[in-house]
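One chain is shown next in structure tokens, namely the form predicted alone.
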């Protein structure tokens, strides 16, 4: 492999999360629907029907194009892409060809350090970004081939990168960053298992240091990021073996078999001429004037990589914290609101989020904006711990208590008597009780097993329901045991 480098470009199909399909009033998301129940004469291509463009699909496409730094055309057209598959009822797909919604653009891809190599930024160019309708779905069931047209007409953005990626790991990183961006913008659920984000990979190899491009193969039917990584790695290995054996790489379309972990030839790769594009006569062009474009983009949020850098610069967060806290927009907004309410030390807020709130989110399958533990309540709990009103363990337990009840932290502390006990005589009495009940442990401690001190402190905390000042308890125990 050291003598060769991979040249990889990705074609992603992104299902936009509109309410209805792109050219009819059928609902767009049919994931839980029985086959062929979410269809109409328009999306099944019946004779005499006319498509009507979904405005929301255009607007979501414009938002994504802007986030990808693409050039948005004020005038774009729809075209017919002709091919004959069983799941394409019209015999053509309504897509965009030479005058697509947007073109150009890029995504700066942070690649983490690996295998002794430092982190770096890979600039991935965007060749084309266009709107189109989805086809249906074909499923093989024994000797039968079943077709579900529910997905016909679902709005897609197809985005094609330049041949800028150099490894399977970079391709996987690109898909992770793209998925993050799509969810951040709110234009797609980007769930690969449900087909909201699908990826075809174009792969070739060349001698390391060469500038030319060799024939490429296209890998299709890949439905997870790890599968994309595995399929590309397999194809790179295969192409190297073929070249070193003196064989020529043929421009084939390959199918990834997830269960067997192998690539299989499907057909020779089509060219644009095979599709016989021509303008769609039943749809007017998209005229995106300045006023409409400005109205669409006025709510464009700060992008995740920009916010990630700002969290490091403005809040002094380590790169790891900033990366996690900007993985989702809701989590990122939650953090900023908590920092504002807390008023100081963003890293302390980050620690609570990274260690406790994220675990709570994972266990509950909620998003940060759905928590009853609001950013204001989180800041209040940290302040209670800072001032010594509650100890650290009580503060941690308060997180769950607030989430379960929705009550303010101070209200729970007062109602349950959770305020930290720092009274010397009260803690001393419990320490004496613990030592009296633990003669074997006392003997072991005095014989040199000093690690038992943590156990003694734990017993005191248990008896006092976590309210004792652990530092004072430890001091008293050390004095009594001496």
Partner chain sequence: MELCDIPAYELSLLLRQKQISAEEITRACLERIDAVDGRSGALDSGSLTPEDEQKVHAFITITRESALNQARAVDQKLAAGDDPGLLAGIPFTTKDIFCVRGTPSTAASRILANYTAPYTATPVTRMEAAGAVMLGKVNLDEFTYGSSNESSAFQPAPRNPWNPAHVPGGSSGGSASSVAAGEAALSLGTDTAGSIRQPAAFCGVVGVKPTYGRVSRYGLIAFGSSLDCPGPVARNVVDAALMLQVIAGADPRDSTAANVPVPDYLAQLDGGVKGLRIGLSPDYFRIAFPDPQTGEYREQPLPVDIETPVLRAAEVLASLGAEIVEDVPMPNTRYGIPAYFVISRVEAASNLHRYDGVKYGYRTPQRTGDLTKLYRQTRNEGFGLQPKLRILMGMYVSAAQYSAQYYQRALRVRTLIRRDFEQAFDRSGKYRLDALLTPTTPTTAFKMGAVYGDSVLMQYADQLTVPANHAGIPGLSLPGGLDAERLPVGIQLLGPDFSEDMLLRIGRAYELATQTEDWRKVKPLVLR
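The structure displayed is predicted, hence computed values, not measured ones. Positions refer to the first chain, counted from 1.
Beyond the structure shown, there is the form predicted together with the partner chain, which is absent from this document and is the topic of what follows.
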query: Check all three, 181, 307 and 335, heavy atom within 4.5 Å of the partner chain in the model of the complex; finding: no
query: Residue stretch of 146-154, 313-321, 249-257, 355-363 approaching the partner chain in the model of the complex, non-hydrogen atom distance within 4.5 Å; finding: 146-154
query: 4.5 Å heavy atom contact, residue 274 to the partner chain in the model of the complex; finding: yes
query: Residue 104, heavy atom within 4.5 angstroms of the partner chain in the model of the complex; finding: no
query: Proximity of residue 34 to the partner chain in the model of the complex, heavy atoms at 4.5 Å; finding: no
query: Residue contact check: residue 376 to the partner chain in the model of the complex, 4.5 Å heavy atom; finding: no
query: Option touching the partner chain, based on a heavy atom within 4.5 Å in the model of the complex, out of 406, 86, 215, 207; finding: 86
query: Partner-contacting position among 240, 341, 283, 389 - heavy atom within 4.5 Å of the partner chain in the model of the complex; finding: 283
query: Within 37-72, the residues that have a heavy atom no more than 4.5 Å from the partner chain in the model of the complex; finding: 41, 42, 44, 45, 46, 47, 48, 49, 50, 51, 52
